[in-house]
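Here's a solo chain for you in structure tokens, the form predicted alone.
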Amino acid sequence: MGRIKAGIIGMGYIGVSHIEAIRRIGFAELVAVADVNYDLAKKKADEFYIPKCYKTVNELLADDEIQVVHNCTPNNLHAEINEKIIKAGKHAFSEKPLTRTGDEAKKILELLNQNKRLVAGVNFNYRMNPLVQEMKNRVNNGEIGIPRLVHGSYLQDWLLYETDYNWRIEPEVCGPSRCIADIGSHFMDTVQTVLGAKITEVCSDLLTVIPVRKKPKTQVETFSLNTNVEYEDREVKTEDYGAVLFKMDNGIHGVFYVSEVSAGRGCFLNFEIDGSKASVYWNQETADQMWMGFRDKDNLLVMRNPNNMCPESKEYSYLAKGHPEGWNDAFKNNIYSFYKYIADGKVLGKDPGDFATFENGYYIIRLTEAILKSNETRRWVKVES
């Protein structure tokens, strides 16, 4: 099999990260990009020496050379474009969320089940950090004993001010949830991956901290600082903060909280798993370190060292100890795992893989919907499958 040829739809903030990740995979080749903003797409194509640039999704999907298509569009386009990718007979790699609603996602899964030769993945990249994979394998190997509790958070500050605005705030674009769906989904996917279990019941409290925001009258880039901009007031209907108690199908209980209005926090994803023998903790902002806690001996700060890692997690660690691996590396690992699955001729539903599948993405959406329902009804809610 020759190099796997790829195309990307959507050249915004995250699209560039996909470009760089594909370029780091030796057996993959990025041959085309497309965006509704053709000038932006052409600028990126020229900057990264991408040979083809298309004005429409349909033009890119009609290119017979392309085998894999990355969907890097805003959330409200995910369902439509993921459906088009599958119908075009191409492997699909979608940014999260898979769709805005569970019903939309279920329709995509039904379509995918009619095209079983296709591979489809969702970009939950934190699960693919080398030390997260190491945690997963150490938990599986019984090093912390029987897992009992899990707790953590994901905090950011990019929406701290009333003048901070983005399409993710608008439910008609992002979906009915923002903070939980945007960053809480990463916490839930990572924890489920490490523990090999599903969250099945939730009890939540959500809050819109800033009920009215000032929307710029001109387009601004995500995570940028806005100065000298004219604004209009917009009511906010999505949450800035959320706290969730949860139960898992293996008996583990847990809690997490997420915020996009916590000053000083950039990408503060962290979680701890407490077992009958030991605890293990990881923080994305210090991704090359893993803490292990014990009662009867000294605690450990484990620095990533490929020579000491489990074989399964060592596969995703490329640098020698002391050379930090972080967010970009986990991002690339997730996409690498997806492409390697295709290159090896594996089949979804039959062969296991490390990347998040459309099935995983669908379940995360159902989890998010259960959290929204719990907040509305003020009670525990079981997750629909």
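If you're wondering where the values come from, they're calculated on a predicted model, not measured in any experiment. Residues carry their position along the shown sequence, with the first being 1.
Keep in mind that the form predicted in complex with a small molecule is not shown, yet the notes after this line are about it.
Next on the checklist: Heavy atoms within 4.5 Å of the small molecule in the predicted complex: which stretch in 139-147, 253-261, 74-82, 283-291 meets that?
Outcome noted: One stretch meets the cut-off, namely 74-82.
Item to check | Candidate spot K106, P176 and A370, all three touching the small molecule in the predicted complex (heavy atom, 4.5 Å) | outcome: No, the whole trio is out of contact, none within 4.5 Å by any heavy atom.
Next on the checklist: If the cut-off is 4.5 angstroms on heavy atoms, which of these, K96, K90, R127, R213, is the one near the small molecule in the predicted complex?
Outcome noted: By the 4.5 Å heavy-atom cutoff, the listed residue in contact is K96.
Next on the checklist: Can you work out which of A343, V31, L348, L40 has a heavy atom no more than 4.5 Å from the small molecule in the predicted complex?
Outcome noted: Looking at A343, V31, L348, L40 one by one, just L40 meets the 4.5 Å heavy-atom criterion.
Checklist entry - So in the predicted complex, does I25 come within 4.5 Å of the small molecule, heavy atom to heavy atom? => result Residue-level check for I25: no, no contact with the small molecule.
Checklist entry - Going by a heavy atom distance of 4.5 Å, is V57 a contact of the small molecule in the predicted complex? => result Yes, contact at 4.5 Å.
Checklist entry - Hey, in the predicted complex, does C53 get a heavy atom within 4.5 angstroms of the small molecule? => result Outside the cut-off, so no.
Checklist entry - Would H186 show up as a contact with the small molecule in the predicted complex if we use heavy atoms at 4.5 Å? => result So H186 counts as contacting the small molecule.
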